[in-house]
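First, one chain by itself in structure tokens, the form predicted alone.
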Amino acid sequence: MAEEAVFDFIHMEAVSYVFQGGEKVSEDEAVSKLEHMGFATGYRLVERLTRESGRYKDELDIMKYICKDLWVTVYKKQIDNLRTNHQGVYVLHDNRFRLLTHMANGKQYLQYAPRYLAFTCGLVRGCLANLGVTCVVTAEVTHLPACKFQIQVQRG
């Protein structure tokens, strides 16, 4: 339980520092910095988590790993729903995303949600990159604290 609070606090402070730190950067540059931090973390983390496991046989197995094992390790719960169109698009639904629960329910702080999702988008992209899946990860929030992460696999 204590490590959850530490992770949440560090995440909030990282977001605060990037957006309100000494340098004046645009919203896009700040989100990009957080996404890059998440990518580096995810790339290293999945290397440690999967070093003793076998290879995944296909893309869907990798996505299931992200939804179950990785999400439990980082966010202490599984993804609520995984959907795919079987053409390289996966949508991960989290009905109560832990990093958004500190915000009010409803739409009051909806405009700030992308700041708190950028690190996780990078984390997922970094994990997938290390597992051999090149992709673009985006997040969408319509009602706090629920969110969707869309993974668009890059082919070719």
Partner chain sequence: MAVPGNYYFAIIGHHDNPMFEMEFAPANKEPKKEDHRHLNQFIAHAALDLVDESMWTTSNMYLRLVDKFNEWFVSAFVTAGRVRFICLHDVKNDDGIKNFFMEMYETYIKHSMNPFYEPNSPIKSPAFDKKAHFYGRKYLTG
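Residue numbers count along the first chain shown, from 1. We call the rigid core the largest set of C-alpha positions that still match within 1.5 Å between the two forms. The structure presented is a predicted model; accordingly, all values stated were derived computationally and were not measured.
Here the subject shifts to the form predicted in complex with its partner chain, a form of this protein not shown in this document.
For A129, a non-hydrogen atom is located within 4.5 Å of its partner chain in the model of the complex, even though that partner is not displayed. By the criterion of a heavy atom within 4.5 Å, E47 is counted among the residues contacting its partner chain in the model of the complex. Contact between Y112 and its partner chain in the model of the complex is not found at the 4.5 Å heavy atom cutoff. Although the partner is absent here, K107 lies well away from its partner chain in the model of the complex, with no heavy atom inside 4.5 Å.
Residues Y43, R44, E47, R48, T50, R51, G54, R55, Y56, K57 of 38-58 are found to place at least one heavy atom within 4.5 Å of its partner chain in the model of the complex. Positional change of N95 between the shown form and the other one stays under 2 Å at the C-alpha, relative to the superposed core.
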